[in-house]
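Quick heads-up: it's one chain on its own, the form predicted on its own, in structure tokens.
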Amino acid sequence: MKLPEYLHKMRGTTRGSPPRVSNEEILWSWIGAFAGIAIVAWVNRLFFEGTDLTMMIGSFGATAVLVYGAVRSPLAQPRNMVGGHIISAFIGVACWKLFHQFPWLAEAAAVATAIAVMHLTRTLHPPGGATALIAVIGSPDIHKLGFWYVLMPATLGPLILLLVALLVNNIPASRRYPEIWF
């Protein structure tokens, strides 16, 4: 491929912004995201405040965008959401343990390996990349969790978000969640 062809590919294939969603869709996305994140935060405060455990990690914000704002996306389905977080958390912790003396290597290996394994297992969930990265760049409290990080927060948090998604996303007639389980 010649350089002009290569550069031409970067122009994109369509023009214009994506279509706007309805006000009802915006409202249900807001309700779902608010409820999902609020419940994860409430469980964290109720059961884990004052301990080394945490229920809330930044990648859950991105998960909320998918499971409440893009409910039909293959990346938002239960297999992808839960599996992507679990796999990525395990890989992130393993990379931290193996390469913590070279943080740049641990960071790159965690995200790249998480993407590859999510592809292999058909559990691609973009926030999973952040879950892997958080395991490496997280606070000393996150590092102290070790492989507990996989269970808490990376399994329990998505399961709570999934439960809320099942309840909220099926209230309006215009929505249906999930599209597929496995």
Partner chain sequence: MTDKQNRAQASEPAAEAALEMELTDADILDAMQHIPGYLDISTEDFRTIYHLSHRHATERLFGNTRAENLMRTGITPLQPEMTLDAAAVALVAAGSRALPVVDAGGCVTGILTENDFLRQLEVASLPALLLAMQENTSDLNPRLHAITVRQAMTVPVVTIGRQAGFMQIIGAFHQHAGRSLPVVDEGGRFLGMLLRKDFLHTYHLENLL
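Residue numbers count along the first chain shown, from 1. Note that the structure is predicted; figures quoted are calculated from it, not measured.
Just so it is clear, the following notes concern the form predicted in complex with the partner chain, a form of the same protein that is not shown.
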- Query: Quick one: does A38 come within 4.5 Å of the partner chain in the predicted bound form, counting heavy atoms only?
  - Reply: no
- Message: Is A70 part of the interface with the partner chain in the predicted bound form - any heavy atom within 4.5 Å?
- Response: yes
- Message: Can you work out whether R11 and the partner chain are in contact in the predicted bound form, taking contact to mean some heavy atom pair no more than 4.5 Å apart?
- Response: no
- Item | I86 within 4.5 Å of the partner chain in the predicted bound form, heavy atoms | no
- Considering the partner chain in the predicted bound form, which of V82, V111, L75, A94 comes within 4.5 Å of it through any heavy atom? L75
